[in-house]
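Before any questions on how it binds or moves, here is one chain, the form predicted on its own, in structure tokens.
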């Protein structure tokens, strides 16, 4: 090939570079989560890491609805809560055994699937805004029921229970000749490690299942329905059946995530599962990461979680560092963290209109 031909050869596809960046970032996040107990050894960091694992699955399952199928639902936390309450009630009444986790988790998943079928069949034929309102009403009703039926749900106080014995801090997973707990890289091999890796591995399996769904022929049909529902119907696809099916799949995944969250947290209440604030968080996570990308959920959840848990600490440090500069300490007051979070969100939307992953993966594409 001549020098002229080399000079005129097209440059590498920017969209391909963007996809590479997104997948590398997602892989690095996955590795950080895989080794989180060893990299971040304080209790708060482990709690944040476990929350990120669970919310990645929750946000990814919501992306299956809104990003891949174009279904706007405000009932996703309802399914999440059903899975959590199913496990919580079973662990409270049956005791901290795996039979309770299995029974409660199955009960929550089955109830979530039934409600998803009912909502889907009755409401997915209507326009998007009316379906969104139906799901919002259903989620509100479920939150009221969780608060009112205190004999079963603990009411506003929620339910406190014990996890299986394997996850108790006193459990010794590895011991030396003297019977003491073995430490690996300074971390005790006890029940806390088992609990974290139960969360991480379960969430990894659920996320990979979602990735498999969107890369299957079903995922292609869902994208076709999202782009042009009437055309998909015209070429023979039963749109309502497909939309109902994906609504049920997303509900089941959300319920399973709720079960995992309940086992980790050892507390379940309306504010930790059914809260509308959680629904808004999930929506923001998907939008920030990029709708219709799946890996965008990983990036969105990490950014939102780090901002929610560490932005106040960062602002406090910045306020102390700029104490002698006029106005800056007041602007950086930790109580104003929501203001800065809002500004950060506006900047992200401005510079990444399709979300971080979405913009990078489509950059340069046509």
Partner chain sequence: MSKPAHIAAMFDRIGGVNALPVVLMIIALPLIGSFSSWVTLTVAGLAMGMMIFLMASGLSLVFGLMDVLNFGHSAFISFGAFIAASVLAWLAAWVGADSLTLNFLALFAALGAATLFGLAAGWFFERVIIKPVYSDHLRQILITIGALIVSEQIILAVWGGSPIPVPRPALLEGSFVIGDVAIEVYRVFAFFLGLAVFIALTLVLNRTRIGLLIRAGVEDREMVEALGFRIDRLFIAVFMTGSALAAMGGAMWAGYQGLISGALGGEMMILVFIVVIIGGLGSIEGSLLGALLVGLLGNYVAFIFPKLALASNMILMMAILLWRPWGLRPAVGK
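In this text, rigid core is short for the largest set of C-alphas that superpose within 1.5 Å between two forms. Numbering follows the first chain given and starts at 1. Keep in mind the model is a prediction, meaning the values are calculated, not measured.
A second form of this protein, the form predicted together with its partner chain, is not displayed here; the remarks below concern that form.
Note that among 161-169, 67-75, 83-91, 256-264, the stretch whose heavy atoms approach its partner chain to within 4.5 Å in the model of the complex is 67-75.
With the partner removed from view, the residue among 137, 102, 117, 110 that has a non-hydrogen atom within 4.5 Å of its partner chain in the model of the complex turns out to be 137.
In terms of contact with its partner chain in the model of the complex, the residue from 106, 122, 204, 184 that brings a heavy atom within 4.5 Å is 122.
Not one of 20, 30 and 48 comes within 4.5 Å of its partner chain in the model of the complex, counting any heavy atom.
By the criterion of a heavy atom within 4.5 Å, residue 291 is counted among the residues contacting its partner chain in the model of the complex. Contact between residue 338 and its partner chain in the model of the complex is found at the 4.5 Å heavy atom cutoff.
Taking the partner from the other structure, its partner chain in the model of the complex has no heavy atom within 4.5 Å of any heavy atom of residue 278.
At a distance threshold of 4.5 angstroms between non-hydrogen atoms, residue 330 is in contact with its partner chain in the model of the complex. Contacts of stretch 338-361 with its partner chain in the model of the complex, defined by any heavy atom lying within 4.5 Å, are made by 338, 339, 342, 343, 345, 346, 349, 350, 353, listed in sequence order. With the core held fixed, the Cα of residue 23 is displaced between the shown form and the other one by less than 2 Å. In the core-superposed comparison between the shown form and the other one, residue 329 has its Cα shifted by at least 2 Å. Fitting the two forms on the rigid core leaves the C-alpha of residue 356 displaced by under 2 angstroms between the shown form and the other one. Shown here is a form in which the CA atoms of residue 350 and residue 74 lie at least 3 Å farther apart than they do in the model of the complex. Closer approach of the C-alpha atoms of residue 338 and residue 280, by 3 angstroms or more, is seen in the model of the complex than in the present form.
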